[in-house]
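Taking the form predicted on its own, here's one chain by itself in structure tokens.
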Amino acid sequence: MRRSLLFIPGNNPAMLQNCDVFDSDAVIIDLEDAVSVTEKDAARALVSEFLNAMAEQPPMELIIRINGLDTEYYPADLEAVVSDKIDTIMLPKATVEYLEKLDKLLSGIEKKKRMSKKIGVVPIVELAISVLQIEEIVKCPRVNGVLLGAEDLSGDVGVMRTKKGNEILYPRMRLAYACAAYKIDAIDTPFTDTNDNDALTEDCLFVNNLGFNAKAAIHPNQVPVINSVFVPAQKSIEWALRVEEAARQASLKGLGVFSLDGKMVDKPVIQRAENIIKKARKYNLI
């Protein structure tokens, strides 16, 4: 269960050393877009040294965005970073074929290094073909969330990326529903204007209402805004607690369906209330 995922350049030693102070649920150490071709080797070595020097697991999820499986860099990336020190690999330009290949590669490394954990995978949907494959992508091995990559996707489709985001409504909705069907995280694309928190808030509220439960950030200042939106509102928490208590009373009377505030409450409504309470407890809102 994630709300915020903060991208950190893999070639920035200061941000790596302070990655646990940003209050994001996950940190994505980036070896791909944030690192130029001439710095790939140096960034990989820096991230490897950082991971090896970690005395204990950080409080947030540690994700590494490797270079795509259509490049020459990914084998060295995987060999350098995959260990019990990380939680997840983020795969750019993901397709079903690449995800199946990545699963086999990770299994080989986990066996060779005698790892104690199984590494998760977050694919980035940033190609038109990936949007069409989303129902299969969410079923691929290890996938526990999917990130929409709107900048590359807009380029692949040949449309202009806008602040309002009408051009990505279709992939957003398709991704949100596929992730909901398989109970994994739907992670929205980063908001690229790091100086407009009002518009960021509006964007977060919009995608949260579409079914997304998390959003990626490209600047630490965006994290508090994202965290504040992707949690249940106080009114929702109060409603859920009332439903929980009413359901308990109804159960004692042998009732499967009951009325609360003049509205019928059945299993789907109870489940929605339970999910709200679960999330509120996770983030210490109850």
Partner chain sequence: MKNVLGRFVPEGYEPFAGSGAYKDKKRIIIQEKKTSRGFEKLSSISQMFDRLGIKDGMTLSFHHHLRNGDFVLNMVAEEIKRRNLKNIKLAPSSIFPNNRILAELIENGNVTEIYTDYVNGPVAEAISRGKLKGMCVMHTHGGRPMAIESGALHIDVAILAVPAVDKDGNGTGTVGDSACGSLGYAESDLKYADKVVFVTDTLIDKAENPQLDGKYVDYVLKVDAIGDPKGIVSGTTKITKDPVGLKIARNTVKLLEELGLIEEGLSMQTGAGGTSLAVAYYVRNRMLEKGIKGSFASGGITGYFTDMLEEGLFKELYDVQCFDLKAVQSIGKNSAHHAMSGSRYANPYDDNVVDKLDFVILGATEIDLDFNVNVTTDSHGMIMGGSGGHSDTAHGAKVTVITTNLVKSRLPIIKEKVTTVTTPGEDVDVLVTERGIAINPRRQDLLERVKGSKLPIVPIEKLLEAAHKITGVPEKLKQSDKPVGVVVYRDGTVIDTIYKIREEGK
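Just so it is clear, the structure is predicted and the values come from calculations on it, not from any experiment. Positions refer to the first chain, counted from 1.
Omitted from view is the form predicted together with its partner chain, to which the following refers.
* Sort through 247-255, 218-226, 62-70, 36-44 and report the only stretch with a non-hydrogen atom within 4.5 Å of its partner chain in the predicted bound form. => Every other range fails; the passing one is 218-226.
* Asked: Looking in the predicted bound form, any heavy atom of residue 1 within 4.5 Å of its partner chain?
  -> Heavy-atom contact with its partner chain at 4.5 Å: absent for residue 1.
* To do: Examine residue 274 and determine whether its closest non-hydrogen atom to its partner chain in the predicted bound form is within 4.5 angstroms.
  => Flag for residue 274 set to no.
* Asked: Might residue 264 be said to contact its partner chain in the predicted bound form, defining contact as any heavy atom within 4.5 Å?
  -> The answer is no: residue 264 has no heavy atom within 4.5 Å of its partner chain.
* Asked: Applying a 4.5 Å heavy atom distance criterion, does residue 195 contact its partner chain in the predicted bound form?
  -> Looking in the predicted bound form, residue contacts with its partner chain include residue 195, since a heavy atom lies within 4.5 Å.
* Check each residue of 10-25 against its partner chain in the predicted bound form and list those with a heavy atom within 4.5 Å, in sequence order. => 17, 18, 20, 21, 22, 23 sit within 4.5 Å of the partner.
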